[in-house]
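Read the single chain below, which is given as structure tokens and is the form predicted on its own.
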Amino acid sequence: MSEIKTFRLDGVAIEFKDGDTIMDAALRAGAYIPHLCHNPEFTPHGSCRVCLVEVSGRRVSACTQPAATGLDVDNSSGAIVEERRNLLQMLFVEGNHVCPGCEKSGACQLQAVAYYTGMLSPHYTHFFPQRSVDASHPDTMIDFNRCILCELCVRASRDIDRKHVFSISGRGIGSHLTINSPGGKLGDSTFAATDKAARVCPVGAILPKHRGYEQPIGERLYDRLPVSIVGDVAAHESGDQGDEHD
């Protein structure tokens, strides 16, 4: 019989397998670590840093840190929660997120994680960047105001769809999502509404056309169950969200 390997997450023993990250093992055990850019279908990226945990006095990303026997992982101390809250506040002010008027409200992972961490105000001064909306595709639109640069659509298009429709250009505050097409528009790219990349966005940046506000407020995914129970919106097929937990 093989030896059972464990580490401790907030004092609770978590079993792990060889090759697991802290996030892999935690998700399998049903222990929630807040995250945005992580999706178990893709190679860990570590870009959002919201899954920040402390291990042996070091702050690391749970989605990229390998699990190891005897680790003592802090996932919920006041200092960790405060740092996550600061990261989320910066994501809100670096884009243009208007939750009350967004059709993704109640089914947005960014919004849900913000509520989970107690982030009820942006705290920092809003940047109000000038960003466009691309409605050139017949079935799908992109609102760049809401993009948080998680690169889930980049990875989905590259690794699953094999199309390389999306990429990230620029550096620092100038970083932005780019469409790899002759005119730089989604409408003249190889993107299709059936692509995996069409269904992985954790916010309201990539949206299907002709289907806005399908579910009323109060009946949307995170209105009914918190993100710590439901998990990633990206893990649900967009058409199945309404029936997932009825």
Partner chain sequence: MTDKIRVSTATLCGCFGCHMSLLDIDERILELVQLVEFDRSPITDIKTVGDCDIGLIEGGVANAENVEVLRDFRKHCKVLVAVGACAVNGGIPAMRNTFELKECLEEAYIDGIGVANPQIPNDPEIPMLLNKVHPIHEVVKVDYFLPGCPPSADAIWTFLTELIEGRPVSFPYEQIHYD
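Numbering follows the first chain given and starts at 1. This structure is a prediction, so every number in the text was calculated from the model and none was measured.
Beyond the structure shown, there is the form predicted together with its partner chain, which is absent from this document and is the topic of what follows.
In the predicted bound form, its partner chain lies farther than 4.5 Å from every heavy atom of G174. The closest non-hydrogen atom of A156 lies beyond 4.5 Å of its partner chain in the predicted bound form. The closest heavy atom approach of C99 to its partner chain in the predicted bound form falls within 4.5 Å. Remark: S136 does not count among the residues lining its partner chain in the predicted bound form, judged by a heavy atom distance of 4.5 Å or less.
Contact with its partner chain, judged by heavy atoms within 4.5 Å in the predicted bound form, is confined among 148-156, 166-174, 100-108, 74-82 to 100-108. Only one of the listed residues (H45, R49, K196, R220) places a non-hydrogen atom within 4.5 angstroms of its partner chain in the predicted bound form, and that residue is R220. When contacts are defined as a non-hydrogen atom within 4.5 Å, none of F144, A192 and P208 contacts its partner chain in the predicted bound form. Shown without its partner, the chain has A114, Y115, M119, L120, S121, P122, H123, Y124, T125, H126, F128 in segment 113-128 as residues with a non-hydrogen atom within 4.5 angstroms of its partner chain in the predicted bound form.
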